[in-house]
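Okay, here we've got a single chain as C-alpha cells, the form predicted on its own, with questions on binding and movement later.
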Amino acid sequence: MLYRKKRPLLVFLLPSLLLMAVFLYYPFVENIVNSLFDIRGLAAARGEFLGLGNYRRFFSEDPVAMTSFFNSLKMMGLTLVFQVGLALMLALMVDSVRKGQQLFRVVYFFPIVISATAIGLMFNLFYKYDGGMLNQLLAKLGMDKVLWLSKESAYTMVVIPTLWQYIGFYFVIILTGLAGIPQEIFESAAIDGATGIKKIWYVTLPLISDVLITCVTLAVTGAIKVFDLPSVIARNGAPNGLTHFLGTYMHNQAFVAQNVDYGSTISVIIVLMGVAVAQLLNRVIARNSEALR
C-alpha cells in the first residue's frame, strides 16, 4: 500500500470536500427544492408548493423549452463529429509531422485562449446585415446580402463558432495521448503489415481509447451546458427562441424573466442529463475499446 495511514489523507481531503459541499452540492440540493415551489423574483421567499408542476411544464407545456432541449441534443451529436472527430483527424495528421508540431499546437489551441465573449462579438461583426464582413464579401462578388441570423440559419450560425472554439482543446489532448505511444509498437505493427488505416484502427485508437473517452465525455457534457457564445451571438434565443440551449434558457428564465423556480428546474434537468449521458458514454465507449483490444 502506498499510504498505510489513512488519517493524514483525510486531513488533506476534508477542506476540498467542505468546499464542494458548500459551493456545489448544497446549491444543487437547493435548486432541487426550489424547483418544487413557486418562486417569483431573485431572493424571493418560496411560495406555493407545485410538486412536479415545473417539470410537467418543461416537457409538455413550454415549446421554447423543448426547442432548447432538442437544440442541446443536436449540439451533443455535432460535438462528437465536428469537435472530437475533427480534433482526432488533425491530431493524427500532425502526429505524422516531425518538424513544426509546436506551431500546429499553438495555432489550433489559440481560440481557447480568446474569451467566448470576444469570439461572440467577432462573429456578430461577421453576421451583421449592414456592413458585416460576410455581406461585404457577397457584395464584392455581386451577390445579394443575406440575413445570417434568420429563422432558417440562426441555429447553424450560432453552432459554427461554438464548435470551432474547442476543436483545438481536444486536438491538444489527443495529440498528447498520441505522443505517449511508444514508437516500438508502431514499428512492430508495420512489420506485421498494419499500415495506414489498419494502423490507426487496430493500433492507435485502442491505445488512446482512454483519452478519447475523456474527450467525448467533456465534449458532450459541455454541449449540454453551452451558454456564453450563444448568449452573445443571439441574445435571448433570437429569433423567437429558436437558438436557445438549456443553459441560455435557464439563464433567461432565472435572471431575465425572474422565474427562479423554473430556472432551478432547468438547472436540475441539465445536471441529471449530463450525469446520465456521461455514464452512458463511458459504458458504451469502454465496451467498444475492450472489443478493439
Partner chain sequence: MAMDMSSVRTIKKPRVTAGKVVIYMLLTLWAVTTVFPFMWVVNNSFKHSSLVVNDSFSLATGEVLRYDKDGQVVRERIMQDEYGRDMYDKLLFDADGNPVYEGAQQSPTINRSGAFADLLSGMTVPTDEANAHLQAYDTVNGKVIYDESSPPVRLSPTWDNYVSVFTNRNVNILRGYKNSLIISGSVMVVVALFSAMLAFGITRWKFRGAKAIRSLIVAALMFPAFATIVPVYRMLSDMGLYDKLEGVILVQCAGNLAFACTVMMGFINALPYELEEAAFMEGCGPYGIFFRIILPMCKPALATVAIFTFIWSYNDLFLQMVLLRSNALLPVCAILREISSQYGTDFGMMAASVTVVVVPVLIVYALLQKNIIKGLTAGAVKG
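For clarity, a rigid core is taken as the largest C-alpha set superposing within 1.5 Å between two forms. Predicted, not measured: the structure shown is a model, and the values here were computed from it. Positions refer to the first chain, counted from 1.
Below, we refer to the form predicted together with the partner chain, which is not included among the displayed structures.
Among residues of the shown chain, Met66 is not one whose heavy atoms approach the partner chain to within 4.5 Å in the model of the complex. Taking the partner from the other structure, the partner chain in the model of the complex has a heavy atom within 4.5 Å of a heavy atom of Pro111.
Shown alone here, Leu125 lies within 4.5 Å of the partner chain in the model of the complex, counting heavy atoms only.
Contact check for Phe49: no non-hydrogen atom falls within 4.5 Å of the partner chain in the model of the complex. Of the residues given (Gly196, Gly77, Gly142, Gly131), Gly131 alone sits with a heavy atom within 4.5 Å of the partner chain in the model of the complex. The listed set Leu88, Val203, Met157, Ile167 contains one residue whose heavy atoms approach the partner chain in the model of the complex to within 4.5 Å, identified as Ile167. Interface residues of 239 to 272, taken as those with a heavy atom within 4.5 Å of the partner chain in the model of the complex (partner not displayed): Gly247, Met250, His251, Ala254, Phe255, Val260, Ser264, Ser267, Ile270, Val271, in sequence order. Once both forms are fitted on their core, the CA shift for Phe70 between this form and the one not shown remains under 2 Å. The Cα shift for Leu272 between this form and the one not shown, taken after rigid core superposition, is smaller than 2 angstroms. With the core held fixed between this form and the one not shown, Phe49 has its Cα displaced by under 2 Å.
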